[in-house]
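So this first bit is one chain, no partners, the form predicted alone, shown in structure tokens.
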């Protein structure tokens, strides 16, 4: 079983997605496990009346925004790792726009390398104190050249794409779109669909039964 450990200030933001469809079934069938940890649970209490747990601080050299403190994040990761076990193989990831590009090849590599645990650290605000990456020897990973409010969306993308690479998660492994030509046009019934008095037909080649021509058509559409 592959266990994803998500370090996030907002664990509830993941609940709906990981509780539906493929990820939900993958958990039910024990192909994967998803655990969340919030740095707030491992933060120091500040204020005269212990009114809040401090998880962020102002950046050195000034500038807007706040930076996540290293202590709470590191303690959350330590909780995720638990006791040392030679049978467990960890990978630790911090999501960052400037990180390694996340692709299907990368996702498959996580399975091929037989990781038992993948820790996903979700940043917020202006980011995470850089010492966290150095201490944990974590890898920066990016799902695209754009900036998001936090790392929770990338974490969900990552878990979805990696889980699909586990044989059995999709039922029939042939369902894995990555192993097929998946970006060609696809159609279903009816053969002729009418919308606002205009008719839209399924391409004739898909109705021909000629598998060679169909594959050629798919290949041409995939370019």
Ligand code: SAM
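Since the structure is predicted, the reported quantities are computational estimates derived from the model, not experimental observations. Positions refer to the first chain, counted from 1.
A second form of this protein, the form predicted together with this ligand, is not displayed here; the remarks below concern that form.
Undergrad: Residue 154 versus this ligand, in the model of the complex: is there a non-hydrogen atom within 4.5 Å?
TA: Residue-level check for residue 154: yes, a contact with this ligand.
Undergrad: Evaluate residue 148 for contact with this ligand in the model of the complex, applying a 4.5 angstroms cut-off between non-hydrogen atoms, and reply yes or no.
TA: Heavy-atom contact with this ligand at 4.5 Å: present for residue 148.
Undergrad: Would you classify residue 122 as touching this ligand in the model of the complex, given a 4.5 Å non-hydrogen atom cut-off?
TA: Yes - in the model of the complex, heavy atoms of residue 122 and this ligand come within 4.5 Å of each other.
Undergrad: Please check if residue 142 has a heavy atom lying within 4.5 Å of any heavy atom of this ligand in the model of the complex.
TA: Residue-level check for residue 142: yes, a contact with this ligand.
Undergrad: Select, from the options 126-134, 71-79, 106-114, 84-92, the stretch whose residues sit within 4.5 angstroms of this ligand in the model of the complex by heavy atom distance.
TA: Every other range fails; the passing one is 126-134.
Undergrad: Under the 4.5 Å heavy atom criterion, name the residues of 95-116 that approach this ligand in the model of the complex, in sequence order.
TA: Heavy-atom contacts to this ligand in the model of the complex: 95, 96, 97.
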